[in-house]
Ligand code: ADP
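Shown here is one chain on its own, the form predicted on its own, set out as structure tokens.
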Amino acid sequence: MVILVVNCGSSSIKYQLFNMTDESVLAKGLVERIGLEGAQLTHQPAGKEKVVLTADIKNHSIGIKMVLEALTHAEHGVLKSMQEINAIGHRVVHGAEKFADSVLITPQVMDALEECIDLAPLHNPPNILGINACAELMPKTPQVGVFDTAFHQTMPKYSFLYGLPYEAYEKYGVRRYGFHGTSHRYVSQRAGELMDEHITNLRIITCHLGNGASIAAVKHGKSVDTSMGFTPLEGLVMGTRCGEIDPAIITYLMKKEGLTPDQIDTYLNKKSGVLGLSGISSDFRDIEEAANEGNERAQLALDVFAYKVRKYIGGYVAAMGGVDAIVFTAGLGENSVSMRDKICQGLEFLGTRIDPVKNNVRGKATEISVDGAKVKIFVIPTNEELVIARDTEQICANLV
């Protein structure tokens, strides 16, 4: 089965084409600056040169059409026609409580996605645009929605409820939803494979650390808690997001700085995090470089981030009654040798310690804890696209 995986942002489309016979990637690429000047498609066929195409890409429908044309192009394509695509899998950010699993896209599902827009106004609309664009161009090809929030729908009520009047949950769905679920699901399963243990026997803490960052407590294969909440703003200090703060700070700053609701939203989501602390950048590589040159605020930003991660790990050990493995994934988690080491300093009481030689690795699935450690520490590159492709294949196997 050949499956196209699509991830639509507000002005972008990421895609990968899988041959599910061996789960190989036939091609991948990115459409960017949709609706803006300088729009382009970067297309990478497997085993061939990268192709960059510039065009006036006014909307997602035109972008999807360009993707299909690139995939079937005589020179840089990998398919003879788009009829060879058996199914399409879409990343959808928010499924609220409506979806605990990936689903076949139907008119009823589309109605439910529309209802979730209030919970993810920046993410769900482009996800919906991508689904509609594919339906327009390939009306007979089945489509599947895979939700960032679905994996966390196993959280118990005492874990996801806030200390607000219960009516806020009943009327408006105010609760912890969690995000990065597809990533947490993939790397926790891979950890079980690397340990040669069934995931239902394990307690795993997965650390998805990038510009956006979250941690999940995965007990016996199910998410029981996660750091992101009602929105991706809660939890860890991130690239530009503040993470958890005293709610009273919001109204305090609004009064002191004369900020509107939209302005305080920008302040917390775009100007805070390690960018706000360091005053340098939201990119951890820039901050680490500045810290190495003696910049105190850069060092402070790294210290705050590492402390918050370590604090969450400790909390999730308590929540699960122990831990068998800790996993680092995503851009920072997979590639920063120094940050992994910094986070794990102080976790020795768990019966674990990083091996400095093993830890000298980037982007490779491997154990980095010392030999014989009671709690294993892993680096595992995430692969959300493969999870989407697998779910799509499973759901559509009897339809094509």
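Note that residue numbering follows the sequence shown and begins at 1. Just so it is clear, the structure is predicted and the values come from calculations on it, not from any experiment.
The next section is about a form of this same protein that is not shown, the form predicted in complex with the ligand.
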Flag residue 362 as yes or no: does it have a non-hydrogen atom within 4.5 angstroms of any non-hydrogen atom of the ligand in the model of the complex? yes
Determine whether any heavy atom of residue 278 comes within 4.5 Å of a heavy atom of the ligand in the model of the complex, and answer yes or no. no
Partner contact for residue 211 in the model of the complex: the ligand, 4.5 angstroms, heavy atom: yes
With the partner left out of view, is residue 305 within 4.5 angstroms of the ligand in the model of the complex by any non-hydrogen atom? no
With the partner absent here, would 284, 330 and 336 each sit within 4.5 Å of the ligand in the model of the complex, counting heavy atoms only? yes
The unique member of 324, 288, 265, 115 whose heavy atoms fall within 4.5 Å of the ligand in the model of the complex: 288
Just one stretch in 152-160, 211-219, 191-199, 99-107 has heavy atoms within 4.5 Å of the ligand in the model of the complex, so which one is it? 211-219
